[in-house]
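Only one chain is shown below, in structure tokens, and it's the form predicted on its own.
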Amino acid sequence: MSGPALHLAVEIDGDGAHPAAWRRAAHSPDHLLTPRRVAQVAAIAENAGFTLITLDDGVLPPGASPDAVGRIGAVERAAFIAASTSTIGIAPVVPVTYAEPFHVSGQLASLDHISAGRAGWVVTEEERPEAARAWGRQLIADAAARARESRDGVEVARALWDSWEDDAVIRSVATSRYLDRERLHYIDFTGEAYAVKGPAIVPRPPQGQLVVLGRPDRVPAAHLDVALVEGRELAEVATAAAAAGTPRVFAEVDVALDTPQATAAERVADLERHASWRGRRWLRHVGSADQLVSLLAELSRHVDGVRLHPLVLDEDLPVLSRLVLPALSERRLVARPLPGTSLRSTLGLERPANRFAAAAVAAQEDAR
């Protein structure tokens, strides 16, 4: 017996999850960073019925010579995709280990406005020492300190998204007032490493709060909407999902699929001649589309969604689109986003009340 319908996300950074994926890409290497390439991949994912695309990022370039070493910023790519899509959610990876959370919150709020409420945020960490040098910051080498930066960064971003009440923009021609200043608020955050006063410079996002995804061992569950859980075996994923403590849970899964030209194992072996796939941190499926459908059916008993990391986008995404998602749809195992719905609505998450407006209402009731 299968579980509830799954939300499927797909990571579309670069040419795929393998560092040498570009060697099997259907396009020439100089097309990787073009707008047309980004739009094409996003369109395939949206038309297939994926709930969400994610875009990996970091201050350091991915890979090392001779493999692809360039990328455009995830937020910039997400903004471009937002303008060329209509239903799929878009969640860039934005680490806040060294980045200023005030600016990150503004970028992400802007993305939510551009996408009409389809934006999310994947919170990660900058772990490599070179990242600190690239930012011109003091190295944060301790894992606990990096987790603190992620925790504080998300807390600040969420507070800033609430620093404008929903009706703060009044646009009154009669009174020549654009804003109701009483509905803008200082957040007055003070942490161990920095302080942020606020308010934001971007109005409250359409969703109120963007959907925040991350690892619950690095960001407190109370700050996350979606936990990204890892596990090399199904039982490990089930245990991690049960302990996540977040409204929604997604499992991470690497995917290499059989294609008409080669088996999944042959394709992996071909790429392994040039570089090694990263150490296996989570589930990895190497095989047929039917076998992947069975795995996803099993996962649906334990998690709300799955984020897939295709070996090579140009080879695996068409198989996912042509064989996997239709098979899941036939078994009513995949949830598809609907036009005009926010990412929060698609995931079954309520639009949260503004904390400052709620506090004002509570104060008024107490005064009666």
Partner chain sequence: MTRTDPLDVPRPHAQLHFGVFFQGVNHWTIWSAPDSGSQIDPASFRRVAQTAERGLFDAFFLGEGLRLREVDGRIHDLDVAGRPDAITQLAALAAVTRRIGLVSTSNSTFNEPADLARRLSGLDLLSEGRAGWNVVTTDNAWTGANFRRGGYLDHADRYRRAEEFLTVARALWDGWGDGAIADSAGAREWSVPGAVRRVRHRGPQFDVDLAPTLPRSAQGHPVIFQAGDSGEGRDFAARNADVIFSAHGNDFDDALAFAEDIRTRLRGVGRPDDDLRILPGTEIIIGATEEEAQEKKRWIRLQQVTPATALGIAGLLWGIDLSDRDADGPLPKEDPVVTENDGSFGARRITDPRTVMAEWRAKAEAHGWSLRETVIALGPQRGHVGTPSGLADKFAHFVRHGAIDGFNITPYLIPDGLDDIVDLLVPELQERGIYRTEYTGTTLREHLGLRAPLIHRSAPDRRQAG
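Owing to the predicted nature of the structure, the values given are computational and were not obtained by experimental measurement. Positions refer to the first chain, counted from 1.
The form predicted in complex with the partner chain exists for this protein as well; it is not shown, and the discussion that follows is about that form.
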*Indicate whether the partner chain has at least one heavy atom within 4.5 Å of a heavy atom of Ile44 in the predicted bound form.*
no
*Looking in the predicted bound form, any heavy atom of Ala238 within 4.5 Å of the partner chain?*
no
*Hey, in the predicted bound form, is Arg232 touching the partner chain, heavy atoms inside 4.5 Å?*
no
*Can Ala144 be called a contact residue for the partner chain in the predicted bound form at 4.5 Å between heavy atoms?*
no
_Just to be sure I understand the contacts: of Gly191, Pro220, Gly73, Gly287, which is the one whose heavy atoms reach within 4.5 angstroms of the partner chain in the predicted bound form?_
Gly73
*Ok, Val122, Ala157, Leu111, Val255: which has a heavy atom sitting within 4.5 Å of the partner chain in the predicted bound form?*
Leu111
*Should the three residues Gly136, Lys197 and Pro203 be counted as contacting the partner chain in the predicted bound form, with contact defined as a heavy atom within 4.5 Å for each?*
yes
*Candidate stretches 239-247, 182-190, 276-284, 291-299, one within 4.5 Å of the partner chain in the predicted bound form by heavy atom*: 182-190
*For the heavy atom contacts within 4.5 Å of the partner chain in the predicted bound form, list the residues of 23-37 involved, in sequence order.*
Arg23, His27, Ser28, Pro29, Asp30, Leu32, Leu33, Pro35
